Each structure stands twice: as structure tokens, then as C-alpha cells.
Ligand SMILES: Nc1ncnc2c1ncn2[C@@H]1O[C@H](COP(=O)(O)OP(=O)(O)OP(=O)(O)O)[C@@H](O)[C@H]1O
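Just the one chain here, the form predicted alone, laid out as C-alpha cells.
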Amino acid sequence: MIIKKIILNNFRNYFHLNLDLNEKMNIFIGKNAQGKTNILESICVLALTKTYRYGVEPNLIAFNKEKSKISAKVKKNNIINNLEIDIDQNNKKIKVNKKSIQKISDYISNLNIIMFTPEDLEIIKGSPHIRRNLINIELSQISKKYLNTYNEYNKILKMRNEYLKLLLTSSLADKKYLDIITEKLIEKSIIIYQERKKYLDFINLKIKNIYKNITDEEILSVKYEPNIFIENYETEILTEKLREIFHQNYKKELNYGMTLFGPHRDDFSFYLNDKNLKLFGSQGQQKIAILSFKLSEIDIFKEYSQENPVLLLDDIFSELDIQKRNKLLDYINKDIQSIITTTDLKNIRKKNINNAYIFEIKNGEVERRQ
């Protein structure tokens, strides 16, 4: 996939911005708080219909404006599509080639992105919810089956939790109905478990070499950690295991009034030479581990959709030494469109950015270097 052009109207600090992008590397240079990250965020909103930042949706609209708009020309399978998202204080309107799209699940995958931001250190350091959110976003971009299954799972989970509370308080509630809901939940759970396991197995095929190429050291791996012990992911075996777990823990779940087992409580961890990076890794090691994870995803996206995603990298050079900066660019400089932000290009080898479009940003004004 290639973003040929992006246009912003009243988005964050951009009242109007019209940019033609390079099909390979694009670098935005500027001091902090000038608007570099806002460009990446606009692409994220265009791809996923929401920002990666928490709790800031109303702030997407420029100060004193009522609406904002993001539009882009995106090449997918050699066809140019016009994507648009209109944002007001209450909702978003999505269009593809001027045609309104009502369901987000029908829109996702028109633009696939892989994004790294400094906040992504929380993927290692933060709560399991952050890691689950990451894998849900990535899988939802490339698999409609996963996206639909995950949405259905959450609806059934909510229904089951509500009925567990009802069973505890009402003598009229029937446990047989809970069993029906549980069977539906198990069916969706198995698909989610299998897809997540497959995805993280694919990551592990790639991540070790990427990390080693950038750092010249150590072995990185990712460990999938469901909140139940799973030896075998075959559908029939996993179905029986989940039935047994829910049967054995019925009274416990009844007392808590919630579902205690399932993929909504999954986690995964990063290990460097068999040591948990959350506990033993430096900030630099954690940053490169997450970058390696994101770069590992490129081949997965291509495998699923036959197209490379667009790579968005925010402030990637901070905390990396000269050698690691250049090795990272060596890896990125492939047949993929990348959009990178940085405060400077010090100690970057010219050969790594020879064909890049380089933009300078100051006070929301963007100018391409000639």
C-alpha cells in the first residue's frame, strides 16, 4: 500500500495541509511540539478510524473549529482509492471514493499501517490490556474473520457477565441459558486463541534476526501467555478444556459476577536471552525490541493481504547510537513506504536517505527540502 497524497483540514495544528508523499521513505524533521507527530496521527485515524492516543478524540479538531477532515489517495492492488474521514464533536463519517461506509468493519484494511511511537514502551512496561490492544489492532487490520469474531466475543462476554450477576440475585434465572451463552463464548474464544497463537508464532520466526541485525547481540523472542494453560490448540481439544474450566469454576465466577477465563485476559511478554525484558531490560533494549516486533509484522501483513503496510515511525532515533540508527534505516530502506519523524538527521549515512523526501516542520508549516 502507498499513500500518494494526504490532505488535512482543521486537524490538530494544521488548518490546511496538502502533501504529496514519496512511495518509499519520507522524513519529517522539526523540534518538539511543531506538529510532526500530528501527521502520523492523522494517518492512524485514517487507517483505524481512531487515534492511538487515549482520551483525546475531541482534540483532533483544530482550536475554535467545529469539524476536521482527513483525506488521502491510497494505492492498493494498483488501484487508487480516495479515503475520507470527517470528524465533528460527536462522530466520524467515513467515505471511500465518495461512498459512505456505515460499518467500521467494512472499512478497516483500506489502509494498513504499522506504527511505532515513544509511548509504545508501555507495550513492554504497561498492563496486559495494552498488549492485547496491540495484537487486536494488528490482527483486525489483516483479518476480517478476526475482527468480526473479536467484536462478537465482546458482545457475548458482556451478555455472560450480566447473566452471571442475574443468576446470583434472581431465583428466576436459569443456568441452562448461561450454558448456551458459554458455548457461544467458547466457540469465539477458540478462534481468537488460534489466531493470536499463529500471529505470535509468525513474529517469532522474524524477530530474532531483526533484533540481532540492529544490535549485533542477543536473542529476542515473544511468549504468548493465555490465562489458561494450553498445550494443544486443536479445536476439539481446546473446546473440551474450556468446557471443563467453566464447569469447575462456575461458583467462583458466580460469586465474582464476571467471566474469569478467556482471551480477554490474555497476555504476552518479551524475552531477551530468556530474561523477561519488562523486569531486566534497559529502555534502549525495550525500544529496539518493540521496533523489532513492529518490523516483524511487515511480512505477516504482506502474507495476509498481498500488500505491504505503510510504516509509521515517530521519534525513532532518540536513545539509539549512531550504529543502531543506520542499521535500522538499512532495514527500513526496502520495498515499503515509511513515514518517519525525528528532530535531526545527525550521523545518518547519506546513502540511507538519498532517495527520501525530507520535510521540515516549523509552527505547523511544512516545507519539502529540494
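In this text, residue numbers run from 1 along the sequence as written. Given the structure is predicted, the values throughout are model-derived calculations rather than measurements.
Just so it is clear, the following notes concern the form predicted in complex with the named molecule, a form of the same protein that is not shown.
The partner is not drawn, yet in the predicted bound form one stretch among 28-36, 303-311, 42-50, 323-331 has residues with heavy atoms inside 4.5 Å of the named molecule: 28-36. Shown alone here, Asn13 lies within 4.5 Å of the named molecule in the predicted bound form, counting heavy atoms only. Though the partner is left out of this view, Ile61 does reach within 4.5 Å of the named molecule in the predicted bound form, counting heavy atoms only.
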